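Quick setup: one chain, the form predicted alone, written in structure tokens, and binding and motion questions come after.
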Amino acid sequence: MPKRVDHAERRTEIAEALIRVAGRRGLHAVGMRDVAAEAGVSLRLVQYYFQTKEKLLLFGLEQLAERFGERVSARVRAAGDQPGPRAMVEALLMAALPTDDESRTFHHLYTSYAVLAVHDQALAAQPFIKNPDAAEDALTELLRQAQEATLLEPGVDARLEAVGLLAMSAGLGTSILVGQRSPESAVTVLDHHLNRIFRTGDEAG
């Protein structure tokens, strides 16, 4: 009896191959033939599951974005059973920094996709993060929770701070990738800005 093919698993395996080869060579240099070779399957099979390179890129990066979400969740769990707003904010921001192979690959490919999408209308029409404002909304809500608990300095605008912190995190991530600063230095910068908006223990008490 012929072995039953798990199509979802096969698509995921091909997407993982895309992520590996793109992480080494960059998205711009990856073709469907390269992905087929990396996955150990035929080009025809890759084309069967993903008719175009754009569809393959989109699915591969969606997989990567899901793993990033799992990474944030793991950091939140590591913060304890009932992490406070600051611990949750730190988990979200720190998870975005490229401090290991997986997070470096995510940051690298996310940036590469954004650059390619500037000139490729097919990519631009298919943003791989379904809700690009989700992180901003989540961070804003965490800061508002901290505000309600009088954990923030007076006059803090939760939405503006969320936008600024995410932009800072993205910029720091790029500076790590290009070797401008170390992950430890980037964490120090983020801590400095969180200390600016969060009240100290004595003040909060």
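From a predicted model like this one, the values you see are computed outputs, not experimental measurements. Note that residue numbering begins at 1 and tracks the sequence as displayed.
One more form of this protein, predicted together with a further copy of the same chain, exists but is not displayed; see below.
Site residues G69, V76 and G84 are none of them in contact with a further copy of the same chain in the predicted complex, judged by any heavy atom within 4.5 Å.
Looking at P154, you'd find a heavy atom of it within 4.5 angstroms of a further copy of the same chain in the predicted complex. A residue is said to contact a partner when one of its heavy atoms sits within 4.5 Å of a partner heavy atom; R10 fails this definition for a further copy of the same chain in the predicted complex, lying far away. Taking the partner from the other structure, a further copy of the same chain in the predicted complex has no heavy atom within 4.5 Å of any heavy atom of P183. Contact annotation: L97 falls outside 4.5 Å of a further copy of the same chain in the predicted complex, judged by heavy atom distances. Taking a 4.5 Å heavy atom cutoff to a further copy of the same chain in the predicted complex, the contact residue among L64, L172, L56, A146 is L172.
Residues of 75-114 lying near a further copy of the same chain in the predicted complex, listed in sequence order, are R104, H108, T111, S112, A114, the criterion being any heavy atom within 4.5 Å.
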